[in-house]
Each structure stands twice: as structure tokens, then as C-alpha cells.
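Here you get one chain, nothing else, as C-alpha cells; it is the form predicted on its own.
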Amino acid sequence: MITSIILINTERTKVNTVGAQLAAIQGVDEVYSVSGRYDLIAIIRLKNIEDLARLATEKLSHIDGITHTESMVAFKKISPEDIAGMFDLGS
């Protein structure tokens, strides 16, 4: 399973429209409108890298109103259990 985080800038008046279109795409698990440098963050989960490439080139590129994206692929999910284990001294 591939997880990708895509940071998205949109035209000022199209944040909600772009967000709704993103949320409707298979493989897009979550879409957040956010404050700061970006307008939206999309969390993508797909079976393989080819599916991610297809989503980025065939789906995202056709959504009207997206002005810029920055994509990241996650290497590892760090859960609360992982963090607790870092401090376990074997007691």
C-alpha cells in the first residue's frame, strides 16, 4: 500500500469545489482545507506506485482550479505504539 500526501494550492474561489472533486476520486482517503501556505491537503492510499502516478497525471491534472501541488510519498507510519516502544527499557 502506497500512502501519499499532496499539498495543494487552488484559485481563491475554488477551494471547496476542488476539495469536493478530490474527495470523489477513488484512492483519495481524506481531503482537508487548511490554513497556511497551502489550501488543501489530500491523503492518498493506493495499491502501488503506478496507481499513484496515474492519479497524479490523469486525475489531478484535470481538476480545474488547482494552481500548484507538492507531493510526498510516505515511507513509514509511526503509531503511538511505536513511540511508546522507543521508551520501553525492557521492564
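All residue numbers refer to positions in the sequence shown, first residue = 1. All values derive from a computational prediction rather than experimental measurement.
The form predicted in complex with another copy of the chain exists for this protein as well; it is not shown, and the discussion that follows is about that form.
Within 4.5 Å of some heavy atom of another copy of the chain in the predicted complex lies at least one heavy atom of Thr57. Although the partner is absent here, Ser61 lies within 4.5 Å of another copy of the chain in the predicted complex, judged by heavy atoms. Interface membership of Leu46, defined by any non-hydrogen atom within 4.5 Å of another copy of the chain in the predicted complex, is ruled out.
Along 1-21, a non-hydrogen atom within 4.5 Å of another copy of the chain in the predicted complex is carried by Ile2, Thr3, Ile5, Leu7, Arg12, Thr13, Val15, Asn16, Thr17, Gly19, Ala20, Gln21, in order along the sequence.
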